[in-house]
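Okay, so we've got the same protein chain twice, two forms, each given alone as structure tokens, structure 1 and structure 2.
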Structure 1
Amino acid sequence: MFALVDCNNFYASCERVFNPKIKNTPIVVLSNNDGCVIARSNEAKALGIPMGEPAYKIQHLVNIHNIKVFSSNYTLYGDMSQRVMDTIKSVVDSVEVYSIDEAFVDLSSFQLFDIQDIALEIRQRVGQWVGIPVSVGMAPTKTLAKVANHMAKKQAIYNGICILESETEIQNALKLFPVGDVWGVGRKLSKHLQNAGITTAYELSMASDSWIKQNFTITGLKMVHELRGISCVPLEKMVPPKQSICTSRSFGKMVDDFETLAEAVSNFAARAAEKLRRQKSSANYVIVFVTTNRFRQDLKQYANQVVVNLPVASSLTSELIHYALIGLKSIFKEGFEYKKAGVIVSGIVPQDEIQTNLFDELDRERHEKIMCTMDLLNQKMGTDTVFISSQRNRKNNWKNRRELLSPSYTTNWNELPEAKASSDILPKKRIQ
């Protein structure tokens, strides 16, 4: 058996933990640049706010219903996620952190009659220790655990925990489960399946192997087997190193000059280099891309990208910035309003398996020491305490809009939550 532990309305729930005033008010959290709705509390869902809706389209609802709106605070969510995962790991051993708000658990070492208790314990402990509500779905495969989790969340009778175990239980659940909600079925597949007359997960599980394989390849076949209770997707306890790392942002304002773009790209490259060093790897090439605002069809459109090969695989900030800027120069065109740019590093190899270059003139050992020191300083004193000068060409007018940001309660000494207490005994004192 597998369990899927999923945080309810994760980002919205994070905002509530240190701000109990908004416990029962509708909350939405916006994407970067305060663009779209990416998380909603139950109250906000009940008001009919769809996922992914641009913020300006829900402004009237915000005003009428006094919805609390937040910019996304990934520092807070990342730290809360870590706490949730650590807490789950304190209950069970085999945990796969699947996403920022989800974890799979391998329950094969437990007796079947124990698993209800384990789910209860996880739910209770995460709730008490971290303050985030979670739902638990349990079933013989990961795909079915996803189904069970859905049910635990959607149907109040389950009280946050749903176990699908016997054949009948599973089939009855699948008969009521829309095929489009199955893990691995997206928009395209869903349409394709509907056209073939398959509307429920049960009907999908009954389709013939040959038809599935022909139409949906090996991935589809695995999915169908998982629905039948045959486990094809194992638990992955170890996180494999990333094969590509992307850092990109939409700009708060349109950008039309090279210098500003260069500063943005320098910062993206610096972030990518940090991520590389964190997973102890180096990249063989850097991709730089720029694009104008695709929603503004009244403006001239331009989008381009370029791959720059590095002489030696590298994770040195200064070197990655250097080559990223060479790339940017080659694709930059005057006369456009740029909205977004990004840097992708790829061709990633482990740090200790780098193919060196006979003609390489850089003293890499020395540079690596500098990077190490820089990372330590920035980790201790805050991001970009030390940075490469091209990261600060001019005013930061490309930066994201984040106008509704909550404090980083758990990661910044200056933004710790405050608890105020008063009593009749000490009427004039306020204790913080």
Structure 2
Amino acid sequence: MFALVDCNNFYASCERVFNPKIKNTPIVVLSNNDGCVIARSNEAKALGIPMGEPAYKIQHLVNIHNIKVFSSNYTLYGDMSQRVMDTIKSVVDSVEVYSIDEAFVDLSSFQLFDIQDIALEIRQRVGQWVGIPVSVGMAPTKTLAKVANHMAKKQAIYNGICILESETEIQNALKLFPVGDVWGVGRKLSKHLQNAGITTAYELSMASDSWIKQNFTITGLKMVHELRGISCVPLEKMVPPKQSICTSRSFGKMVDDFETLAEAVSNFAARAAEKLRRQKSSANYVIVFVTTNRFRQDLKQYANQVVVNLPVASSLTSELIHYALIGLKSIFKEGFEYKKAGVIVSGIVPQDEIQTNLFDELDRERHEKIMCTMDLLNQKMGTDTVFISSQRNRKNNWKNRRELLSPSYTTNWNELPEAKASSDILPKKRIQ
């Protein structure tokens, strides 16, 4: 048996943990630069606010219904996600962190236990220790666990926990489950299936293997087998290293000078270097790209990118910044207002499989020790406590516009939540 533990309305729930006054208030969280709706509480969904809706289009609903609007606080959400995952691991050992708000659990070692009790323990412990409500779906395969979790979250009768164990339970659930909502069925595949007369997950599970092979890949066949209760997708406890890493942002304000653009690119390269070191890898190539705002047809348009080959695969922040800025200089053009830039590192290899260069003069062992120390300080004291000088050239006016940002309650000493006791509730001193 597998379980899928999914946080309910995760971003909105994170905002409520330290602000209980908005527990039953409609909440929306906005994308970068406070552009579009990327998360909604159940109350906001009930008001008809769609995902991806531009913020300015819901302003009238915000005013009428007193909707609380937040800028996306990824620092807070990332830390709360880690707390949720650590709490799940305190109950069960075999956990695959699938996304920021989802985790698969392998329950094969709990055959002698009542899995309903395990689900209750996970749900209650995460709620008590972290304050985030979760739904738990359990089934013989990961794909069916997704179905069960969807039912646990959407149907109040399950009270947050749905277990699909018997063949009858599974078939009844699949008959009511739209094929477009099946894990792995995208919009294009969903349309293709519906054109073939397959509208439910049950109908897909009944399709013949020969038809599936003829029309879809081996991945599609695995998906169908999973719907039949045959486990084909094992738990991945170790996340495979990424083959490329992209760090990019749309700017809060248009950028027209090289110095500001260089500061942004330096920060993107630094983030990419940190991610490389985290997975014990190095990159052979640095790709830098810039683009203007394609939606502003009243402005001159320009977009370009360049690939820079590194002499030796590296994860050193200073080195990646150095070559990223070389690339930026080669594609930067005066007279344009840039809306976005980014850095991609690719040609990634394990740290212990780097092919050295006979003419490399850099003392890499020394620089790796410096990077290790810098990472430790930043992990302990906060992001960018120690940084490369080119990351701070000007006024950071390229950064995202986040005017409705909540505090980073769990990662910033200056933004820790405060508890205040009123003298009215303190015990009164007894008069002798």
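Residue numbering: sequential along structure 1, first residue numbered 1. Only the largest set of C-alpha atoms that superpose within 1.5 Å between the two forms is called the rigid core. Just so we're clear, the structure is a prediction, and the values are computed from it rather than from any experiment.
Panel number for the form predicted together with the DNA: That would be structure 1, which is the form predicted together with the DNA.
Large Cα move at Q301 between structures 1 and 2, threshold 2 Å, rigid core: Q301: C-alpha displaced by 2 Å or more between structures 1 and 2.
Core-superposed C-alpha of M151 shifting 2 Å or more between structures 1 and 2: No: M151 shifts by under 2 Å between structures 1 and 2.
Y98 C-alpha moves between structures 1 and 2 by 2 Å or more, core aligned: No; that C-alpha moves by less than 2 Å between structures 1 and 2.
Rigid core superposed, the C-alpha shift at D257 between structures 1 and 2 in Å: The shift comes out to 4.1 Å.
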